[in-house]
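Only one chain is given next, in structure tokens, and it is the form predicted alone.
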């Protein structure tokens, strides 16, 4: 589980202030973040994954204060899928994208390769193993980015408007993958206006004018 407690965050140049008294995001559940554009959903996402650090209050991961953890340590628990997945793909090929971080961390090459092959199969990307990441469709890039987060060990995922730009088929693939991972114990916080995502979970957190105001 991840949680925010008594959090206040102000952007350095002033203007927008975000606050959250208490919000919990359990493992094995999908929590939808709703609210109008500009309400603070993306700020909430970035606070949950450590990209932004609160001026006051705490980020908790499995009950432990993670507010001051290095970003790499937070990333080993919490993965952030950007609204534009191509912004988090860095390597020339699909397979290299999956193995890049484990290799940097000095993990066993054979174990890394085996895990990458398994995730390629799980995410329907095996035939694209040697393909350039630049040539992938948006849906393929998104599945690859999610698989790469799993390679890093994340068990909780923050998704910011994940269905933007996806056609009907790729949306259904994403819904099914979220549900499969949830059944395996992964937790999700998903910022979205997509009403179809409501079918994945009745659990909602509303954000308005920089405040988390209601949980359904």
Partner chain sequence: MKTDPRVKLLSLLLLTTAALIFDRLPWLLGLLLASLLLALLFGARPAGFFRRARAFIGLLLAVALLQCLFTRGGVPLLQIGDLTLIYKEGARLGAAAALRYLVIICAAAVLAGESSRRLVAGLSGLGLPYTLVFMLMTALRFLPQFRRSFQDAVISAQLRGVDLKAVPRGKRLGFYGSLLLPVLSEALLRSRELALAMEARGFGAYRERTAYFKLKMQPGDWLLAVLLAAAFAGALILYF
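Residue numbers count along the first chain shown, from 1. Only a predicted model underlies this, so the values are computations on that prediction, with no experimental measurement involved.
This protein has a second form, the form predicted together with the partner chain, left out of what is shown; the following refers to that one.
Taking 49, 174, 30, 181 one by one, only a single residue has any non-hydrogen atom within 4.5 Å of the partner chain in the predicted bound form, and it is 49. Stretch 64-72 is the answer when you ask which of 164-172, 186-194, 64-72, 32-40 has residues with heavy atoms within 4.5 Å of the partner chain in the predicted bound form. Although the partner is absent here, residue 139 lies well away from the partner chain in the predicted bound form, with no heavy atom inside 4.5 Å. At least one heavy atom of residue 134 is located within 4.5 Å of the partner chain in the predicted bound form.
In the predicted bound form, the partner chain stays beyond 4.5 Å of every heavy atom belonging to residue 118. At a distance threshold of 4.5 angstroms between non-hydrogen atoms, residue 103 is in contact with the partner chain in the predicted bound form. Every residue of the trio 79, 87 and 92 has some heavy atom no more than 4.5 Å from the partner chain in the predicted bound form. Although the partner chain is not shown here, in the predicted bound form the stretch 138-168 places heavy atoms of 148, 149, 152 within 4.5 Å of it, in sequence order.
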